[in-house]
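For reference, the chain that follows is the form predicted alone, supplied as structure tokens.
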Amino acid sequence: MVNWSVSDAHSSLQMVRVWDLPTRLFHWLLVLSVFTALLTGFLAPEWWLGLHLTAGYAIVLLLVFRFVWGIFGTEYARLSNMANATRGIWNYVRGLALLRPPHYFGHNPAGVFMIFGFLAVFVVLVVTGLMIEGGEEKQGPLAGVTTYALGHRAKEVHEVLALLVLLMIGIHIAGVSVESWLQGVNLVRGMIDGLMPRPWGYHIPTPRRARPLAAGSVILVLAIATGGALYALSTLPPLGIPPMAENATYRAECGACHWSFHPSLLPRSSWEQLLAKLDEHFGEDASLPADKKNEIARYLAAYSGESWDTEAANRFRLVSASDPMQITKTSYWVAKHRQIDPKLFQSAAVKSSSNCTACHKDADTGRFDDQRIEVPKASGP
């Protein structure tokens, strides 16, 4: 670790390359990936989930590279060098309080703690993100081993950590701005061209060289091992999505008047109540012969919401106390569609709030993947 006073830093300076190209590329690619993940996570509509997942997987790859490069990279990219810098934290804090913080090659102690904090939070974020993808969305490599309940709990942690990242980014930007002002050094530019100043005549100990071949070999081994494991996991069928053959009688009889709702969208008790009142089916007589009614009853009971572990099945099992037979009266459906213009449901493209297939292109499968949402533009009847 090398440091000097701010007065030295303002004397005649010589620029030295501190940050190697891989470290700089990692930094800015991580900025782009995190920005994309935050934007799509907080502000974008649900059907941008694919871009959010892409950003998340990019963060995974970048973290793997950074940990490996932190072992085999150049001197100031190494995690051991950064860890050694933390020993000067109290000296740095005292200098900062006097507005004369010592100047460091590489990261200063406060910056190191922030970086380690970012890395730790990002690791938990990607782990919980994979659990959400597998448990709630029934997608990705963990879909075959993660329940909806586990994915939902992971989502709560994921959201809190995402807010923490926003706070940490604000602190980081403020810290870089203050440090640049106090030192008279453009730290942002340093992370672009890799150059940092040092006083003329100051001897810098010979830094350790990068070992790109070793780093590449470790990354290749990790890619083969983890890639094989993730591929094996991805071949498992999604947990809680049972194989279900289409029932022609249900499709023909119920689909004659409206979209034949997927059985997982209501609990068994609601289907039983609905079939028991076919003669008063929402203001119409939809009575069926006993054999067809019994066949449909068995089908709906076998594949009702209790038999599925999708997000839709779990959420729609909580029916409205006053309207237990109407999906569109559940609190979940209402909350999910609150921002949709009511006129859209009466448009020629949709026709009814119960016509799920107008927007959810995979509604017949019961999955309701966010990426398969295509909201049509409202048009006249």
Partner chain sequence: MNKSHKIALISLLSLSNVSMVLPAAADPARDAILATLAEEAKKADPAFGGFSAERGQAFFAAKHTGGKPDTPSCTSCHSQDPTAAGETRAGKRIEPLAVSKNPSRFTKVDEVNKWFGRNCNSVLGRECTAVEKGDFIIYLSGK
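Residue numbers count along the first chain shown, from 1. Predicted, not measured: the structure shown is a model, and the values here were computed from it.
What follows is about the form predicted together with the partner chain, which we do not show.
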query	finding
G170, P237, G184, G255 - the one with a heavy atom within 4.5 Å of the partner chain in the model of the complex	G255
In the model of the complex, the one of M191, L288, A301, L222 near the partner chain [non-hydrogen atom within 4.5 angstroms]	L288
Contact of P243 with the partner chain in the model of the complex (heavy atom, 4.5 Å)	no
Interface membership of Q339, the partner chain in the model of the complex, 4.5 Å heavy atom rule	no
4.5 angstroms heavy atom contact with the partner chain in the model of the complex for S352	yes
Proximity of F282 to the partner chain in the model of the complex, heavy atoms at 4.5 Å	yes
Among 156 to 164, 207 to 215, 247 to 255, 110 to 118, the region lying within 4.5 Å of the partner chain in the model of the complex by heavy atom distance	247 to 255
Members of 259 to 275 lying within 4.5 angstroms of the partner chain, judged by heavy atom, in the model of the complex	W259
